[in-house]
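One chain comes next, on its own, written out as structure tokens in the form predicted on its own.
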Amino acid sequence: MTTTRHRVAARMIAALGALSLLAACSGNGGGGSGGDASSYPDQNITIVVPFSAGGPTDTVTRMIAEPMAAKLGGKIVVQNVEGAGGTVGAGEVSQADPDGYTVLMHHIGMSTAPALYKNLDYKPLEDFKMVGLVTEVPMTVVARKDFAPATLQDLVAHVKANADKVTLANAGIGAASHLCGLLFQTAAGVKLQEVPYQGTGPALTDLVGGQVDFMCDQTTNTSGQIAAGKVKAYAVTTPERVKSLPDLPTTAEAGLSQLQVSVWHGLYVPADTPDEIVQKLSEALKVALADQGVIDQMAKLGTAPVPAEDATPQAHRAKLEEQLGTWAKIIADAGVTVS
């Protein structure tokens, strides 16, 4: 009798164990992924910005966070994780639990890091799923307000004649300002003295203060300084003029058509995140980008949300694949690497 009871008990324990294992597998969304898509989100979502607070990428992230959270029915917290041209924050997110609660906002640097960093500990196309593109921010070529060149053509002539004296500021290797600076030097056929900073904030501060000569930076960071007359602006790096800066010519109009670059931004999650959660995030992103408040805020900073068809994982992945190839060649030709 006792033996029979023990056998029944053992069978019940084994059955309960099997049910628990089945529930755990189901809760992971299948395929070894994490996160319960049916109840997502039931806790705060963190969007990691791999750059400093107050910078262009941080600004864009905070614009969309509130309307995305409203659509998802939860709360979004923005966390700044700086370092190594955005690779520290991106690396942390690549290793995060694939449950949809850790999201990355990154810019063009996601496509340049593999060419710049030889010991990069993640692969953009393999270690992440793309959620959708957010915006493409134009860049501006700006200088201290008392810098001698009056036009972009004057600037090119001046830097060629004074290459050993002119200082070109940027926010560090791999930053958008650094990449734009590389393109400028290639287009102008000159090698300049670069002055790297820990972010565009301090670089722009020194530019306004006259400590450095000129730089490339995003309109989200320079529009206010240009409007206030604190810097001299030469051109925007896009094919068309920017509505918020109507008097500023394009680089093509100003005689340097080879210098065209925009800083595209997108959202990412770890690669094993369930597709159902990725889709929820993508739909929330589309809602945020259609929000009139977001549209108005972006317009003031010289940019705009991408069309709805680009705020998708498919469009985002296609963009990343294309940009990885483009920047690999540019960076190889420039001979710039980080050990």
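The structure displayed is predicted, hence computed values, not measured ones. Start at 1 and count along the sequence shown; that's the residue number.
What follows is about the form predicted in complex with a small molecule, which we do not show.
- Of the candidate stretches 50 to 58, 270 to 278, 285 to 293, 298 to 306, only 50 to 58 has residues whose heavy atoms lie within 4.5 Å of the small molecule in the predicted bound form.
- With the partner omitted here, the residue from Ala176, Val137, Ala235, Leu207 that has a non-hydrogen atom within 4.5 angstroms of the small molecule in the predicted bound form is Ala176.
- Screening Pro98, Gly181, Pro124, Gly199 for any heavy atom within 4.5 Å of the small molecule in the predicted bound form leaves a single hit, Gly199.
- Contact here is defined as any heavy atom lying within 4.5 Å of the small molecule in the predicted bound form, and by that definition not a single one of Thr112, Val261 and Lys319 is a contact residue.
- Interface residue remark: Leu104 is not counted as part of the site for the small molecule in the predicted bound form, having no heavy atom within 4.5 Å.
- Among heavy atoms of Thr222, none comes within 4.5 Å of the small molecule in the predicted bound form.
- The small molecule in the predicted bound form is not approached by Val131, whose heavy atoms all lie more than 4.5 angstroms from it.
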